[in-house]
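Single chain ahead, written as structure tokens, the form predicted alone.
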């Protein structure tokens, strides 16, 4: 039996923005069984934590849903909340430049956040908020099937790896997330605040690129053997 849900959201960043009204018609079912469109509708309709009360837009993700590389940040900021897209503004421009340095664009990868709604005043998302979005993120990963995940920033890396280890000690290593290789790197917003760390970020980009190339080569070799 279909359930019709109407959501009215008032923008908090600018009184001149139009009110967003979203109609979602869906059958309630486990998140793990949802296809891409149904998953996005559930994210739009979600009221599982307090963050939904002040959001302008949910930030589902952007990019290639069949990407080999998936970047996962922490939570939307003010610009992301307005535009409904992750990593925009100055941090997004820096991320674009970082991707370009390893011959990638946003269209080549998929970008999402741990949390789909903006925390007030851009504070870090708390454990309850991250837990409320876990199923959404897990299903995105399941549908995309990336060959490599890059956790962008401390919050994302510590959440995905279930650790309190500082980001500086997590970088330049390869971890495993549900049988998918995972690499952690600094958040572009952090690099804007601390430009002296950009050298380390370039090292991370090379590490990411080399690992992704190696992973894809191994998959190609396996496929070639399987076809003989």
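It should be emphasised that the depicted structure is a prediction, and the values quoted were computed from it without experimental measurement. Residue numbers count along the first chain shown, from 1.
Beyond what is shown, the protein has a form predicted together with a small molecule; the following relates to that form.
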With the partner removed from view, which of 140-148, 81-89, 97-105, 127-135 is the stretch that lies within 4.5 Å of the small molecule in the predicted complex, judged by heavy atom distances? 81-89
Is there a heavy atom of residue 75 no more than 4.5 Å from a heavy atom of the small molecule in the predicted complex? yes
With the cut-off set at 4.5 Å between non-hydrogen atoms, does residue 187 touch the small molecule in the predicted complex? yes
